[in-house]
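Shown here is one chain on its own, the form predicted on its own, set out as structure tokens.
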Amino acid sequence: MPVKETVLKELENITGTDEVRKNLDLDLFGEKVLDSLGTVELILALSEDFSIEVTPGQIDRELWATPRKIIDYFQERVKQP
């Protein structure tokens, strides 16, 4: 599964909304779609999905502020579309 689809699937599961798919520039924290517990859940899920280690300490909140930024982060980490 492509990185984009995997990230969006996990975001939808954790946030309980498809807004993350409809608006890739949605401010996840500003709109209170994602909180710190959800972020940790997302990190764990995506680390497992992509078989790479990502820790909460590696994540800058601004770096993960929108679905697009999370997709970009993982596309860079796994080097695939």
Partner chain sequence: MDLIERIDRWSQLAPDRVAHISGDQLLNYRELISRSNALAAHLTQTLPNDHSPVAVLGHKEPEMLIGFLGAVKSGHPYIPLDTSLPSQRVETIIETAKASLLLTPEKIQSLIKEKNASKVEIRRPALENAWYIIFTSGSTGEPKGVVITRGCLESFVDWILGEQNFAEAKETFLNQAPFSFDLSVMDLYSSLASGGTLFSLTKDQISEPKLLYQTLAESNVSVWVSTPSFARLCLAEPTFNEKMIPTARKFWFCGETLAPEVASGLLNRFPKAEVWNTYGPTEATVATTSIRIDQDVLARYNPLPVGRAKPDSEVKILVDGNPAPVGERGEIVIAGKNVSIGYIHRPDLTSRAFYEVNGMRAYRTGDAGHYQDGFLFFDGRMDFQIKLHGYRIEIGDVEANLQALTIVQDAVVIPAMKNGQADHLAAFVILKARPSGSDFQITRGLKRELSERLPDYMIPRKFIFLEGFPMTTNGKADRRKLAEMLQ
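Positions refer to the first chain, counted from 1. Small disclaimer: the values here were computed from a predicted structure and weren't measured.
Only in words, not in the display: the form predicted in complex with the partner chain, which the text now covers.
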*asked:* Is it the case in the predicted bound form that Val7, Leu46 and Glu48 each bring at least one heavy atom within 4.5 Å of the partner chain?
replied: no
*Would you please decide whether Leu37 lies within 4.5 angstroms of the partner chain in the predicted bound form, comparing each non-hydrogen atom pair?*
yes
_Ile71 within 4.5 Å of the partner chain in the predicted bound form, heavy atoms_ = no
_Interface membership of Ile59, the partner chain in the predicted bound form, 4.5 Å heavy atom rule_ = yes
*Is Thr66 close to the partner chain in the predicted bound form, meaning a heavy atom pair under 4.5 Å apart or at it?*
no
*Interface residues of 1-21 toward the partner chain, as seen in the predicted bound form [heavy atoms, 4.5 Å]*: Asn13, Ile14, Thr15, Gly16, Thr17, Glu19
